[in-house]
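Presented below, as structure tokens, is a lone chain in the form predicted on its own.
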Amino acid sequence: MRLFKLKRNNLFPFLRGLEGFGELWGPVRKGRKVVYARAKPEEFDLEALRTIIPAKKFFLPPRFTALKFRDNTWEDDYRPRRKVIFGLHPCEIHALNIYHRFYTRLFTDPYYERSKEATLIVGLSCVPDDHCFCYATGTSTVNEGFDLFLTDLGDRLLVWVGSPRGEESLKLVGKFLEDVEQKDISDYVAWRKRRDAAFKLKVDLDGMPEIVSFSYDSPVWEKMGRACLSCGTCTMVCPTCTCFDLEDEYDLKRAEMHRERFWYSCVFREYSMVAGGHNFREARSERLKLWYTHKLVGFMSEYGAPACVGCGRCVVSCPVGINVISVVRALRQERTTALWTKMEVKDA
């Protein structure tokens, strides 16, 4: 992995140079929220911590046409446009690494593969806020899954080259880069210490697979289920959730059909519905248990790490405070002030 430095006043020209690869997207302020949007480098919010919807939307969009049937022929014309995605933080890149393992492990999803091939990933360092807990999940730093990664040291940025595609992109922007010196490395080490000390939200994930498994009949799930709205927000904003559904849309007059693929959620009531109307997870508590068992047990058993990267999106998004932090603390029988633990609601 090669390392260069970039002067601060060359950042925007550097990003404009990357447009030689494809459309430039990055974090843009929208009211009090941040979204990934196509914009000029000057419009990017370099201090943004989390977008509403994660970067997985670039690799498998929330909804797209997977197949078309017309003139008695099936057509697959999903061809994503080439993009440069700037501003992905370490936790977001870790999430994309999970996404990659999921969609290539048994067989490669062709739609994901095309999007991956059409995307240049440019990461950016960050300093945590009160909702970040990626330090606890081991995802506060990243060594793979990006093409370029920028660490902001104030008057300059360190530029890590993480892939052959990143090396190729240097043909577009290499003129802006300089060799690093010992002072740059020393300043980076000092920055890492300050950044690590800035984490305020603490959560102990040690032993969680066993704790979740032993707590399968805990009353915590029922209490959580009575508060849950089954809105699916947690799964839509989660950067590692992969559930999707397919739906055929017919036009009988024109003998045409579209097969639509869209994000889905295991907390939706219909998720576990089968033929005949039987629902294996009718209760909201059972659906929540499924989600957290996958995040904290199933994925860890398979890959050695939880399917949570500590981005904090579930913390800021759930209306009733059901999130990884509050659930872990409740299962560990620790004190939590989450709204769902205080709510008095009728049984589901």
Partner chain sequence: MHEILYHQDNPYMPERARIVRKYDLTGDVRFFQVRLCNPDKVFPVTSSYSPGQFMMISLPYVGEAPFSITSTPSRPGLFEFCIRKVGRLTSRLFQLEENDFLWLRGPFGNGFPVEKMIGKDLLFVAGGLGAAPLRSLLLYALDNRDLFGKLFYLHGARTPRDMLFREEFFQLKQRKDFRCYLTVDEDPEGDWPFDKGVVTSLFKYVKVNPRNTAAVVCGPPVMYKYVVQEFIKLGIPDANIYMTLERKMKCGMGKCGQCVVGHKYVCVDGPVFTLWDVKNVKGLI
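Quick caveat: nothing in here was measured; it's all calculated off a predicted structure. Positions refer to the first chain, counted from 1.
The same protein also has a form predicted together with its partner chain, omitted here; what follows describes it.
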Report yes if all three of Arg79, Leu106 and Val274 come within 4.5 Å of its partner chain in the predicted bound form by some heavy atom, otherwise no. yes
Testing 28-36, 47-55, 66-74, 319-327 against its partner chain in the predicted bound form with a 4.5 Å heavy atom criterion leaves exactly one stretch, namely 66-74
Could you tell me which one of Asp130, Asp245, Asp204, Glu181 places a heavy atom within 4.5 Å of its partner chain in the predicted bound form? Asp245
Please identify the residue among Phe199, Tyr111, Trp160, Tyr188 with any heavy atom within 4.5 Å of its partner chain in the predicted bound form. Tyr111
So, Ala283 and its partner chain: in the predicted bound form, are they within 4.5 Å at any heavy atom pair? no
Leu290 near its partner chain in the predicted bound form, any heavy atom under 4.5 Å? yes
Using a 4.5 Å heavy atom cut-off, state whether Arg261 contacts its partner chain in the predicted bound form. yes
Does Cys231 make contact with its partner chain in the predicted bound form, using a 4.5 Å heavy atom cut-off? no
Hey, which residues along 161-199 are within 4.5 angstroms of its partner chain in the predicted bound form, non-hydrogen atoms only? Arg165, Glu168, Ser169, Leu172
